[in-house]
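Single chain ahead, by itself, as structure tokens, in the form predicted alone.
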């Protein structure tokens, strides 16, 4: 068995950033920016009013000062003349500040009669003007790689960027194996169960930017597995679920190797998830996850998500785990790194009593995975432990 750190490093060696494609801005949310992009204009592109009011010369602003209104400026319709001494322009939020004006007196501080206004209240020191380029300047750059959030999309739009260079989404082929499995909605036989891992992993991988193809269930025959692998040939990453151990009915490794699979490792010193294998497969790579539902989901989170991020060009350096105090004591850990399903008790984290790798109901309730290093000693309540958020 190899360590979790060595397994992760080996898995990352199997993948590389994918090619760059250009997509319309409206389709770029959730994608990874692949190349730096630069603003094509200033924002705002002119000095703009921050309030509804009257644009005047700042040197003339004082309580009881009077001005003659000579025009109006609205968003998208600026005033084309110049504001002279004793003059004002009615202005609305977002409108260009006219030439000669350097202060916007808010309408609440003004009394208007006909074309004359009087400043009735102390106007304060805020000019209520957003300077040109206050938000960003033409040429200002958004660096890559960057996962594009909704706020980033708004910023790109304001920068007048209509198309965005992004990494191609990794195509992940998910293959569940086993005679005991049927799809949700089907009627299982007396010795069968509903396939669940596939759908949980699909949701997880898509959440992290992959395009996931769910293949038909591969039965425990060489012919069925060969057909399934044939359907997955064009994928960047093949993820098999179950059948990767060494039992009489565990045929995945043998069939994959007959089709060109080059194994990098088998078995990881972790719990849950020991029977994990990975290697190169044609132009892509393959990961064989264990069949137990929780084992598959935990390995997907710990390993496959990192591979997807690497293919998207995101940083792969291991980040320090967060820490929290234990709400209840834990016994000493064994020789394998243990990912324990846990729940928050205020600011403390508490492991569930049962860590059986078949219990999806416990995983669904879990809010974090407590990470216990190999041979970690017993921990008392209140001691700090590392965790992965879920």
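Positions refer to the first chain, counted from 1. Since the model is a prediction, treat every value here as computed from it, not as a measurement.
The same protein also exists as the form predicted together with another copy of the chain; that form is not shown, yet it is the one meant from here on.
Only one of the listed residues (262, 99, 152, 109) places a non-hydrogen atom within 4.5 angstroms of another copy of the chain in the model of the complex, and that residue is 152. Distance criterion of 4.5 Å from any heavy atom to another copy of the chain in the model of the complex singles out 191 from the list 234, 143, 191, 222.
Contact with another copy of the chain in the model of the complex, judged as any non-hydrogen atom within 4.5 angstroms, is confined among 196-204, 222-230, 116-124, 280-288 to 196-204.
Residue contact with another copy of the chain in the model of the complex: residue 258 places no heavy atom within 4.5 Å of it.
Contact annotation: residue 252 falls outside 4.5 Å of another copy of the chain in the model of the complex, judged by heavy atom distances. Put simply, residue 184 is close to another copy of the chain in the model of the complex: some heavy atom of it is within 4.5 Å. In the model of the complex, another copy of the chain sits within 4.5 Å of a heavy atom belonging to residue 52.
Residues 29, 41, 43, 45, 46, 52 of 27-55 are found to place at least one heavy atom within 4.5 Å of another copy of the chain in the model of the complex.
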